[in-house]
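First comes one chain, alone, set out as structure tokens in the form predicted alone.
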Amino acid sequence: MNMGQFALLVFTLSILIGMGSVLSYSEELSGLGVMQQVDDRDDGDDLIQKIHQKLLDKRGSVRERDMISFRKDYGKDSKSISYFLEPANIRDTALLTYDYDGVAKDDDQWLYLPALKKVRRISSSDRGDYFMGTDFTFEDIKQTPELEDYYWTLTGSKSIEGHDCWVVEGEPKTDALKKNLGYSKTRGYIRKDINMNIRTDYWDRKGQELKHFKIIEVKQIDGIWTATSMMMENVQTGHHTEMTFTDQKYNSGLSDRTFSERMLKRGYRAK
């Protein structure tokens, strides 16, 4: 090989390497890629935690509630069950969720209302309904949105509370999804250092500003970054919901029996 051929080979290799870098860089920076990192974030194999809710309306009246929640991962799928403990008029109201990865199988949710001794199945068309008077819909209270329901676009970076964040917008892929989810667009702010969505803005089906979600406090518990305080504010009604999470226990080996319709009806019983 003469020097000319060698120079041409080096030049060609440098171009190919550069193209590979550009491709991997753009893949890393895709909106879907960022959201996939959020979905893949380490959140333990299972989790038990207590939740304190405060519901505040624009007149300043406050309602407070206490809950306990259990979650377990099954590969990329997960199951969770949450029980209301206080006040007495909603004690043992419970929500059971089977959150399946992908859109091949619809997620399953059941709400148990002890006063009626009735289990209500939450259908896919009910995902946009609000959960027990809070500002969170049944879809909102899942760990992450179903990624395949949205077109994801990375629109840039922004500093939020001193944290460098990706800005990712999501648009439901069909009008039917917009109707079911209750949103025409979302905009999430993803902390780059821990792959956690710390803020989301929502627009309603008509394209009007609707809600703001914000994680107020994050702590590392058992090596896992954990949201310990969050808020959802509805700017159209002036109502907002605050939630504080305590007594987290990761990887305790929860039984599969924890996540059954029988346990949903039985209610929470402290050991």
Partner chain sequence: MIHKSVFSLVTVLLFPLQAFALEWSMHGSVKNETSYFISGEKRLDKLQNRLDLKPEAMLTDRLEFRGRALLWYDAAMDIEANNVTDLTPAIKKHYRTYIKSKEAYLLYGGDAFDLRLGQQQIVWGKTDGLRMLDIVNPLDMREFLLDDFLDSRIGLVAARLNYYTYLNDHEHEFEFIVIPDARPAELAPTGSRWAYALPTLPTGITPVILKSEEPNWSAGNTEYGVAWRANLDGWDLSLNWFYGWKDTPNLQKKLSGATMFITPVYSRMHTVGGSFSNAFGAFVVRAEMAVNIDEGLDANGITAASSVAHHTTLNAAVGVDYTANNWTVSPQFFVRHLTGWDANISEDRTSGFVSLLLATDYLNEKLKPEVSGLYNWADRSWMVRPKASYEFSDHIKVIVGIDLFGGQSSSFFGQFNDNDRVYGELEYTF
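Quick caveat: nothing in here was measured; it's all calculated off a predicted structure. Numbering follows the first chain given and starts at 1. Basically, rigid core = biggest C-alpha set you can superpose within 1.5 Å across the two forms.
Omitted here: the form predicted in complex with its partner chain. The next part is about that form.
Contact annotation for the candidate site: 33, 76 and 102 all lie away from its partner chain in the model of the complex (no heavy atom within 4.5 Å). The closest non-hydrogen atom of residue 208 lies beyond 4.5 Å of its partner chain in the model of the complex. Residue contact check for residue 158: none of its heavy atoms lie within 4.5 Å of its partner chain in the model of the complex. Its partner chain in the model of the complex comes within 4.5 Å of a heavy atom belonging to residue 106. When its partner chain is considered in the model of the complex, residue 132 lines it closely, a heavy atom lying within 4.5 Å. A heavy atom within 4.5 Å of its partner chain in the model of the complex is found for one listed residue only; from 163, 120, 173, 187, this is 120.
Comment: its partner chain is not present in this chain, but in the model of the complex one of 126, 149, 169, 201 has a heavy atom within 4.5 Å of it, namely 126. Heavy atoms within 4.5 Å of its partner chain in the model of the complex map, among the stretches 208 to 216, 221 to 229, 42 to 50, 60 to 68, onto 60 to 68 alone.
Heavy atoms closer than or equal to 4.5 Å to its partner chain in the model of the complex belong, across 75 to 90, to the residues 86, 87, 88, 89, ordered by sequence position.
Here residue 122 counts as shifted, since its C-alpha moves by at least 2 Å between the shown form and the other one after the core is aligned. By 3 Å or more, the C-alpha separation between residue 124 and residue 83 shrinks in the model of the complex relative to the form shown here. The pair residue 120 and residue 182 separates in the model of the complex: their C-alpha atoms are at least 3 Å more distant from each other than in the form depicted.
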